[in-house]
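Before any questions on binding or motion, here is one chain by itself as structure tokens, the form predicted alone.
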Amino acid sequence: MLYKILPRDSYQSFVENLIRNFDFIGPKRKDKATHEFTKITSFGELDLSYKKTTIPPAKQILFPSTEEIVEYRREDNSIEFRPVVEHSLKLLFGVHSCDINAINFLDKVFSTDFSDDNYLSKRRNMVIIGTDCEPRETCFCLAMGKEYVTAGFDLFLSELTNRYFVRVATSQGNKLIEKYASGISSAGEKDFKEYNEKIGDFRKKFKLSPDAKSFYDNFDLIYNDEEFWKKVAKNCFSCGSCCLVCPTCFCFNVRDEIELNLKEGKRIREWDSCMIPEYGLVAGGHNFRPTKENRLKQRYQCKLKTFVDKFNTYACVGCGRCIETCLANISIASDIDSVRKEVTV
């Protein structure tokens, strides 16, 4: 990791150079209440004041909600298959630490037990520049250890008094600042001191602090307690909103679309949710997770236990999107602590 200083008066020209030379995607105000990550064509469109987007910025590009993955055509007695893989270079600007940590998790998911070419080709062709954020009331990234990121980005910009503290994580990131930024210098003792104070103050702003380790340690004790899970899932509508806005959820369905001539078609991947009743339904009418209690328990197990065992990391970054989106006001942060309360003598 290299640590550089970008003068404040060089920041705009640096960003404008990136906009001119890349397929630049960043946060843009959509309306009075929301922002979205979209194509940016001028510096004035970029709005880094956002606190959170509803849909995770990187997930919608790397793992889109609907994606064509295969085209096929039948000729006589043979079928020709053609994989559809995206290769274009994109620069994602203004991503927060929790969402970059979510990318790091998805990188593991789509490369560990199998290699997903559609995801990995996009990932290899994505430049990521992160920026600092301000926690919302529903954020609990600190409790999950995801409020700070040390990998998965090329550059990370933190605004100081009259300059930007730049963490350079890759050789590609170093080339970007050397080519497109002016006045770059190495960070000194004064810069590190102010940066560390900024990070310390940032960590004090989190209001939610669920005990995820306690949930992991006690989950097996509560696993078969049907009354507990009925209480937790009492208001759940099984709508799947929590999964659809989650930056680490990766469940999907695959369907085929056949042309009327029966000679051409395409295979499409689209987001799915383990919280939806039909997700566990198989041929013959059996459903492996027929109740909302069972589905919510599975979601929490996936987020807070399964991948701790598999990857030594939570499949939750504490972004709070699921809390804000839930129609039934279910809070994973509150439910994490409810397990500890249930097993405490």
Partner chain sequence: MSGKPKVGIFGFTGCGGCQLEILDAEDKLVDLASAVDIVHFTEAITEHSDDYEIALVEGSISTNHDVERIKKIGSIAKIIVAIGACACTGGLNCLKNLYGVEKAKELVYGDKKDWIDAIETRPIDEYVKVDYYARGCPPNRFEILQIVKALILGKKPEIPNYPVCVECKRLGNTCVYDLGMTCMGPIARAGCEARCPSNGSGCEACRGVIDEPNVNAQKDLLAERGLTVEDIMEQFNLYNACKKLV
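Positions refer to the first chain, counted from 1. The structure displayed is predicted, hence computed values, not measured ones.
A second form of this protein, the form predicted in complex with its partner chain, is not displayed here; the remarks below concern that form.
Using a 4.5 angstroms threshold between heavy atoms, residue 329 counts as touching its partner chain in the predicted bound form.
The closest non-hydrogen atom of residue 302 lies beyond 4.5 Å of its partner chain in the predicted bound form. Of the heavy atoms in residue 239, some are within 4.5 Å of its partner chain in the predicted bound form. Its partner chain is not shown here, but in the predicted bound form it comes within 4.5 Å of a heavy atom of residue 54.
Remark: of stretches 122 to 130, 202 to 210, 99 to 107, 240 to 248, the one touching its partner chain in the predicted bound form is 240 to 248 (heavy atom within 4.5 Å). The putative spot formed by 34, 235 and 278 is fully lined by its partner chain in the predicted bound form; each residue has a non-hydrogen atom within 4.5 angstroms of it.
With the partner omitted from this view, the residue of 79, 89, 151, 262 that lies near its partner chain in the predicted bound form is 262 [heavy atom within 4.5 Å]. Contact with its partner chain in the predicted bound form, defined as a heavy atom within 4.5 Å, holds for exactly one of 334, 17, 10, 325, namely 325. Annotation for 85 to 118: no interface residues with its partner chain in the predicted bound form [heavy atom within 4.5 Å].
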